[in-house]
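Let's start with one chain on its own, the form predicted on its own, as structure tokens.
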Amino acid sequence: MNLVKADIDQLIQQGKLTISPLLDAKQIGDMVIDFRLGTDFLVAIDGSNPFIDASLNNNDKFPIKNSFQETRRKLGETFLFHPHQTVLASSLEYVKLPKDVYVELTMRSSYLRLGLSLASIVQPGYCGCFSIELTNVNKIPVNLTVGAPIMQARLFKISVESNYFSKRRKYMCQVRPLISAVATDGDFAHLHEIWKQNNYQT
């Protein structure tokens, strides 16, 4: 069930949903909540790596962190987002979701029209700032204002509660963007062993 403004306001009043700071009550609309662009960024760069290595087959010669550069802006400052660039960012707001509510996160229409793309799902019970992976599919740079409400969240209630902390997660309770932890996926170790056998590696 898609929650509407009355449902969202009630969850906040009951202390079951936290959004902080909520700089403007108008951020909560009839069916969505607007979220603001945070101050921290991880920017994909042409660094020392010849490629981004999403495998274990190179003995960590090309760590993913070498392909991203950290930068920060203050509220009201701007961030120049280049064509075909990937930027990891976070929402300005810290959020704690109820155990029976999940979020679908998308760009606001005004920013979709500028060529920016985002789509993400946030698990029930999540706490932290929303992590966002932005792509500029436009042919020209876009100058974004830090603190502007660039994305919107639709909240959905599910029939059973989910315990977000029941297992270890790669990106728990983060307040700043984090680089991909794809190499920690369980399948990688097994696939790496198969690769070593096929390539006579010891």
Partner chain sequence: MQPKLLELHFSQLQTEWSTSKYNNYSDDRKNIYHAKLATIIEGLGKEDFATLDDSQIQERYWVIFFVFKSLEFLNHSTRSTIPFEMVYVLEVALKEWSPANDYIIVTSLTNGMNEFSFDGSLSFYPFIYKYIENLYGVYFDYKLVQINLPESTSRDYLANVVLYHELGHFIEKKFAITRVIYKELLAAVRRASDPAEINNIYRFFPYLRLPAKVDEFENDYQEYNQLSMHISEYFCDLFASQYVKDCSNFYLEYVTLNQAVESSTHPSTINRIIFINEYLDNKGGFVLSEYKRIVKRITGMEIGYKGKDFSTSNFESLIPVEVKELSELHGLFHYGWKVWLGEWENIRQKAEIQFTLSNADVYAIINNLIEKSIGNFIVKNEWELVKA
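Numbering follows the first chain given and starts at 1. This structure is a prediction, so every number in the text was calculated from the model and none was measured.
Keep in mind the form predicted together with the partner chain is missing from the figure; the text below concerns it.
Residue 56, heavy atom within 4.5 angstroms of the partner chain in the predicted bound form: So residue 56 does not count as contacting the partner chain.
Interface membership of residue 100, the partner chain in the predicted bound form, 4.5 Å heavy atom rule: No - in the predicted bound form, heavy atoms of residue 100 and the partner chain never come within 4.5 Å of each other.
Proximity of residue 165 to the partner chain in the predicted bound form, heavy atoms at 4.5 Å: Flag for residue 165 set to yes.
Any non-hydrogen atom of residue 18 within 4.5 angstroms of the partner chain in the predicted bound form: Contact with the partner chain, yes.
Listed residue (45, 31, 158, 173) with a non-hydrogen atom within 4.5 angstroms of the partner chain in the predicted bound form: The residue in contact is 173.
Option touching the partner chain, based on a heavy atom within 4.5 Å in the predicted bound form, out of 189, 23, 12, 179: Flagged contact: 23.
Segment assignment from 81 to 89, 68 to 76, 116 to 124, 102 to 110: heavy atom within 4.5 Å of the partner chain in the predicted bound form: In the other structure, the partner sits against 68 to 76.
Residues of stretch 177 to 196 in contact with the partner chain in the predicted bound form (4.5 Å, non-hydrogen atom): Sequence-ordered list is empty.
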